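Below, in C-alpha cells: the form predicted alone, a single chain.
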Amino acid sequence: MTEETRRTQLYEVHKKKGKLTVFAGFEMPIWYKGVILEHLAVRNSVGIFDISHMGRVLVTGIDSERFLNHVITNNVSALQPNSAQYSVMCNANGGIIDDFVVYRLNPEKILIVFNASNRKKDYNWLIRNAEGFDVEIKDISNNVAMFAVQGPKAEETLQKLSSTGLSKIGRFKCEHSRMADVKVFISRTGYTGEDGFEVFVWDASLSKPGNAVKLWNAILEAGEFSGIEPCGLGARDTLRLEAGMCLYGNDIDESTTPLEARLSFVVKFRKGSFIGKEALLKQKNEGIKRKRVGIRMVEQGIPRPGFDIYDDEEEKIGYITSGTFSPLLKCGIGMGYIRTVQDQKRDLINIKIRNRLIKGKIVSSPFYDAEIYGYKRKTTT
C-alpha cells in the first residue's frame, strides 16, 4: 500500500474474498465472483456493497439549514427529520462540484454523503463557504462504515436483523435502528436503480472496525437463502449505468451544469440565493446547447467513454461519457452529451467504434423495463 492509497473498515474481508483494485485512492474490490453474476444478483435477488470509501460529513448548528441552502441547489427546507434528498452543489459558473445525498437527522443536524473521489474537495468547499454561518462541519468518514444492500429481496434480508419494521421506511426516508445488535442508521436509498437500503454503522472506525465486520457477515448470512452476493465496484458501475445514473468525473464535473446533465429537478430556483444560481438562470433563459442522453446500441458494439457520436450524415454531434455491456439487456449501452438541436431531430445515432460507425438509438432511462426491474417494479422475481 502506498502512502496515498487508503482502505476501508472491511479491507481484510475484501483481501481474502475479492479481486482488489485502486479506485479514488482506495483499495476496493472490483468483483468477488464476477461482475455479471453480481450484477444479476442485485437485479433478481439481493447484493451487498461496501461503500465506506464515500465521504460523510455532519453539518450541525442553528444555521445548518440556511448554510446548506446557500451551497447546494436543492431545497433543504423541504426536508423533514429522517428524510433524504439527492442534490448537487455548484461553483459560481454553475459547474457541478459534486452530486450527493443529504439526510436530515434533526432540525439542526444534517448528514451529507458524497463521492469518494471528492472527499477532500467537498469538505474544503464547505469549510470555505461557511464564513458567516453558525455551523460546525465535521468529517466523520473514518469513524462510520457504510454498506449498500440492494435488490428486490433487500428488505426481506435486512428485516431478519433489524429492530425496526423496514416496510414503514419509504423511499428516501431514514430511521435509526439496530441490526445484529449493532447501532445503525438506515435509509431507503441506493445507486443501482433497485429497491434497497444504505446502512451506516456508527461505531466502526478504521482502527476498530469490529462492528462493520460483524454486520457485514451477519447480512451475508441473513441473505444466504435469498441468493445474496457480495458485490464489487464493477457491478456497481454497470447497475448504475443501466439505471441511467451519473458517475462524477465521467458524466458530470465542474465543466457540466445540472441543466445540461438533465438534473434540473434538483435545482430549486425559487428557494432563494445559492452558489451558481445566477449562472444557471442565465443558461436556463438562453437555452442549453447540449444535453445528456442515454444510448442503446442497435448493432453490436460497446460505446466507451470518449467515443464520438455522429448523426446519419456522419456529422459529429457529441461524445460518450459512460458505456458498458449491459448484463441484463445483453447489448451495449451508454450515456453522453449531444447538441440539443440533434436531440430534437431524431432518435437514431451512430457511435464511432474502431473507425466504424455503429448504429444506436437515444432512449430514456432507466434502460430496462421499469415494470419488471428496479424499485418501481410491478412484478416479483
Partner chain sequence: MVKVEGYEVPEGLYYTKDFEWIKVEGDKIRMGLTDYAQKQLREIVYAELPSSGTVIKQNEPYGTAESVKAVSDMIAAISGTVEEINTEVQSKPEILNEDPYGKGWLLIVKPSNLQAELSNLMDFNQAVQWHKTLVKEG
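Everything numeric here is computed off the predicted structure, so don't read it as measured data. Residue numbers count along the first chain shown, from 1.
This next part talks about the form predicted together with the partner chain, which is not shown.
**Q** Which one, 229-237, 138-146, 97-105, 281-289, holds residues whose non-hydrogen atoms are within 4.5 Å of the partner chain in the predicted bound form?
**A** Looking at the partner contacts, the answer comes out as 229-237.
**Q** Sort through H176, R171, R304, K109 and report the residue having a heavy atom within 4.5 Å of the partner chain in the predicted bound form.
**A** Going through each option in turn, the one that passes is R304.
**Q** Under a 4.5 angstroms heavy atom criterion, identify the one residue in I36, I62, L329, L348 near the partner chain in the predicted bound form.
**A** Answer to the contact question: I36.
**Q** Counting only non-hydrogen atoms and a 4.5 angstroms cut-off, does F325 reach the partner chain in the predicted bound form?
**A** It does: once the partner chain is placed as it appears in the predicted bound form, F325 has a heavy atom within 4.5 Å of it.
**Q** How about Q300 - does it come within 4.5 Å of the partner chain in the predicted bound form, if we only consider non-hydrogen atoms?
**A** Q300: yes, in contact with the partner chain in the predicted bound form.
**Q** Can you check whether W31 is within 4.5 Å of the partner chain in the predicted bound form, heavy atom basis?
**A** W31: yes, in contact with the partner chain in the predicted bound form.
**Q** Is K359 a contact residue for the partner chain in the predicted bound form, using a 4.5 Å heavy atom cut-off?
**A** So K359 does not count as contacting the partner chain.
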